[in-house]
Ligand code: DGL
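This document starts with one chain, in the form predicted alone, laid out as structure tokens.
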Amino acid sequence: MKSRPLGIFDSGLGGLTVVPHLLRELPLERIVYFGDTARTPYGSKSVKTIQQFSHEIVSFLLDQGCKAILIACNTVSSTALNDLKKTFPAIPFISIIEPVVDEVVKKQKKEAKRLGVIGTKVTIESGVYRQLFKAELAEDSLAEKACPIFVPLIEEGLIDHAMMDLAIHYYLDDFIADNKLEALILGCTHYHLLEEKIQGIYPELTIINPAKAQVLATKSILAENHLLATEESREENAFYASDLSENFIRMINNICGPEDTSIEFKNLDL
């Protein structure tokens, strides 16, 4: 059981930003990743559709023998987590949302800051961040903003394009100023690819990336369930996509190195 791989999935390539943290914090674990690049973005789809897609991907990951699954997608975590837990009760699921909320709450008790959260339309409309923070933070200490164009631009590889700069200013200039934000949670793993760019435009802002918190939570859950790998796997990490684009392959190679990574293709049939 300990030698079985960790599953991780996202609506596209954004979840790949969690992988470097996994490789550093859990170097003995083997990873099986799935990015639903053919059907991205999820942020504008119905909850029912997101749940259906998530079920299909989880079923695939379980067929690969995964012992636990990281949901590296805020949209899925905010809409399908409870449904997945009910459907697959034997598998531990680790959300991208709850761990960072716990981390931020601890920091807020030491140094309170005006917080902002940006995410997809579905994530923000779900109210999951506001609901989780409600018991711990003052009602007016959290502001939220949907930034729906970010994911399509990132999936198209336009991170360093002038269109992305315009989109960031369009969504965030007034949002940050009007709410006097001091810290910003990147409530979508795709947005992690914009972290340096956003920091450069708003240097006084503290950027909070949930990936590390999710990986630390994964480590804790694996330990509690006696699932931590005790020796390095002989099999390579595997990365699957429903549309294996050049951008997806390039990101994997940048993260892991082309020599160490097994890149495979898997197309889900609806």
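Start at 1 and count along the sequence shown; that's the residue number. Just so it is clear, the structure is predicted and the values come from calculations on it, not from any experiment.
The following text describes the form predicted in complex with ligand DGL, which does not appear among the structures shown.
Asks: Can F239 be called a contact residue for ligand DGL in the predicted complex at 4.5 Å between heavy atoms?
Replies: Because no heavy atom of F239 falls inside 4.5 Å of ligand DGL in the predicted complex, the answer is no.
Asks: With the partner left out of view, is T218 within 4.5 angstroms of ligand DGL in the predicted complex by any non-hydrogen atom?
Replies: No - in the predicted complex, heavy atoms of T218 and ligand DGL never come within 4.5 Å of each other.
Asks: Whether T40 contacts ligand DGL in the predicted complex should be assessed with a 4.5 Å heavy atom distance threshold; does it?
Replies: Flag for T40 set to yes.
Asks: Taking any heavy atom pair closer than or equal to 4.5 Å as contact, tell me whether V101 reaches ligand DGL in the predicted complex.
Replies: Output for V101 is no: heavy atoms all beyond 4.5 Å of ligand DGL.
Asks: Could you spot which one of L194, I176, L115, V151 gets a heavy atom to within 4.5 Å of ligand DGL in the predicted complex?
Replies: Contact with ligand DGL in the predicted complex is made by V151 alone.
Asks: Pick from 23 to 31, 240 to 248, 57 to 65, 42 to 50: which stretch has a heavy atom within 4.5 Å of ligand DGL in the predicted complex?
Replies: That would be stretch 42 to 50.
Asks: Which residues within 9 to 39 place at least one heavy atom within 4.5 Å of ligand DGL in the predicted complex?
Replies: Stretch hits, in order: D10, S11.
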